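One chain is shown next in structure tokens, namely the form predicted alone.
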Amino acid sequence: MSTYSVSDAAAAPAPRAAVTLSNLSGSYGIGLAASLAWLAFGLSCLYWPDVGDWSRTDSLGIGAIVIAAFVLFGTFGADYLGGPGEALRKRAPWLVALGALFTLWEVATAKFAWLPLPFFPPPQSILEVYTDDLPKLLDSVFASVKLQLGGYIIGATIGFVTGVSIGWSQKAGYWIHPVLRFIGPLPATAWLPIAFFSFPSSWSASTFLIALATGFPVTVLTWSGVASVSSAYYDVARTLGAKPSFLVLKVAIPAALPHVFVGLFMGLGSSFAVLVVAEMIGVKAGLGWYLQWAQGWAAYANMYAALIVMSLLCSGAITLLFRTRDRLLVWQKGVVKW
């Protein structure tokens, strides 16, 4: 005759927690609210007449209802989905806020025109830009990325080499520091007239301005990092027979990398600002030019669509830089998050 002991009961796996009234007010409740918010947005698009003629209203409503279904499935199936389910629970409050915001935006623009058109276009108007004007928008994105990347790499490289030189060599600091104090504090956009007059094309002038905006913070932070390296590191390396090149490449630069990345972050933000100004004024391509073109034709939906793309590009570039920093500076991973 089989027996059942207390140890067997302890070893038995615990059943999954059922959805009760207590946890409905917690994570399940927030997920349900997010699903209802997106459902309300979708239904407002499909069953509420527009005050204007927008061809993507039905597509937007169907997409919102699909998102609501995914959120609902992810909320009540989070225990079975693992990592994606936990990520959905973590972002559920933001999903509630976004669903409510889109619903309010839709009602205030496309349904009642409380916000004046065309200055405040509805969501489906911006969706039309991404479907109907996608080739021109992609060309602008490619032009901006190419210009930004070229100027940023040049500026970061020159700034890094200059910063290491000033931090390591007193002779280099004697000659470079006064020039840096004179040129560095000036905004890069202040050099626009001189740059567009001195360089053979607006593209090369814009590359110079982006490199200038990037180079100054990288130079200063790299210089600060190299100069702040403890002398004890150099003494230990010299005791082991290290040459000056080894001290620079294997001691000074690795120890200064946290400062270098701070300079790269600051330079990236400054370079984006200069990029937009340069494209608006001189370069006839890129997202800055697209913004200027959209404003000239009162195509405010195109303008907002370009701003969203620009925000995603900037955020993506900073995220990529953070990933690189976390990979190189393993001991500081997670100290600063983006």
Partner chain sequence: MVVQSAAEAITYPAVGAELDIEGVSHAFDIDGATLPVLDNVSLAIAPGEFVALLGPSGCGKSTLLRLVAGLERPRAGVLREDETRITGPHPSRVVVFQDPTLFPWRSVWDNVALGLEAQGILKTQRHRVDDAIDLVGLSSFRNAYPHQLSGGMAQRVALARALVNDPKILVLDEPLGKLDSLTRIAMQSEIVALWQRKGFTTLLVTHDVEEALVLANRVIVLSDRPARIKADIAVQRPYPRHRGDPYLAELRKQILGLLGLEATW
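Positions refer to the first chain, counted from 1. The shown structure was predicted, so the numbers you read here are calculated from the model rather than taken from an experiment.
Heads up, the form predicted in complex with the partner chain isn't pictured, but that's what we're talking about next.
The chain is drawn here without the partner chain; in the predicted complex, the stretch among 113 to 121, 246 to 254, 260 to 268, 99 to 107 whose residues come within 4.5 Å of it by any heavy atom is 246 to 254. Using a 4.5 angstroms limit between non-hydrogen atoms, Phe76 is distant from the partner chain in the predicted complex. In the predicted complex, Arg89 stays away from the partner chain, with no heavy atom inside 4.5 Å. The partner chain is not drawn, but in the predicted complex it has no heavy atom within 4.5 Å of Lys146. None of the heavy atoms of Phe196 is located within 4.5 Å of the partner chain in the predicted complex. Taking Thr131, Thr239, Ser228, Gln170 one by one, only a single residue has any non-hydrogen atom within 4.5 Å of the partner chain in the predicted complex, and it is Thr239.
Note on contacts: among Ala232, Ile183, Ala190, Leu138, the single residue with a heavy atom within 4.5 Å of the partner chain in the predicted complex is Ala232.
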